[in-house]
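First, one chain by itself in structure tokens, the form predicted on its own.
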């Protein structure tokens, strides 16, 4: 009755958990939710009746020009004609998977990596070659997926050496490099954010980012650029998916980009303070239970439980939700076939400092109680 690939279709753990965050009193560390206090004010006067009509699949020309200028500043060789506006960067993952992944196709991914990307690659039947930033051994993969800047879920930011090494590995193997870069604007300290794609010399490449984290996820807009050979195929796949992205959202984003205000500075200052407050509460609640590093950007802390507290955090999630705290079990971020470490991904941007402190104490208490019951 169904296509064979439906056998590989699984529900998104994040989307299922997000269904409960609106419960009264629920403290959420689960999804990568920007703080609602940081959402911009929207002025709909920039939207004309023409923007309610069908539009070009590639996106609005003015927005593509603005995006291309930004990409060139980052070091990418592109033009407005090679910018594709997406209905969220998740659509980019779907389009790329459709272009490259058949049943049994080798896809190189970090372990752990973005679980929604794994959901898409699984659907199309990918086999995985796991690699790390320090050891970019991507084998005979057709596609290499990476999040080098404030990685989801770990928060790791690649050094220049690691970026060059991954680009070289793709050049040598011929693997197409697919770089996902949605968090680059949320930077709180010194680090290298040069796109890995800018170091590629011989293989094909795709670079994508999003307006969701710096502006508003509800507008559902992202963008990609790529090497010349790939662009026409991705445009056709986009046409087959949704014709074009929302023109009203594109107009609103363009207006925000053209303000030339101090939004980025305000945003990073807000999130840096929230990160620092979260770190203090995390140290108070989780010292001796888990290990972590303070992220230099992005929205997440990645906690690895110490051996004496090594339990499958997926089993703890129900207890945590009953206690009014939502989080993402780290095991969900590992590709199929890779042994997962007992771990948690915690979002620090959404909860207030007071909520975060209470939620972390509650979560640590649940873990301690669960481990004590095993003795």
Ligand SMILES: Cc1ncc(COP(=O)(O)O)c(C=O)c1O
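Numbering follows the first chain given and starts at 1. Being a predicted model, the structure only gives us computed values, none of them experimental.
If you look for the form predicted in complex with the named molecule, you will not find it shown, but the lines that follow are about it.
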Between the options 78, 212, 250, 175, which residue brings a heavy atom to within 4.5 Å of the named molecule in the predicted complex?
212
Looking at 302, 114, 128, 131, which is the one with a non-hydrogen atom within 4.5 Å of the named molecule in the predicted complex?
114
Which of 288-296, 275-283, 90-98, 161-169 sits within 4.5 Å of the named molecule in the predicted complex, heavy atom basis:
90-98
Using the partner position in the predicted complex, report whether residue 244 sits within 4.5 Å of the named molecule, counting heavy atoms only.
no
Answer yes if any heavy atom of residue 182 is within 4.5 Å of a heavy atom of the named molecule in the predicted complex; otherwise answer no.
yes
Touches the named molecule in the predicted complex: residue 147 (any heavy atom, 4.5 Å)
yes
Report whether the minimum heavy atom distance between residue 152 and the named molecule in the predicted complex is within 4.5 Å.
yes
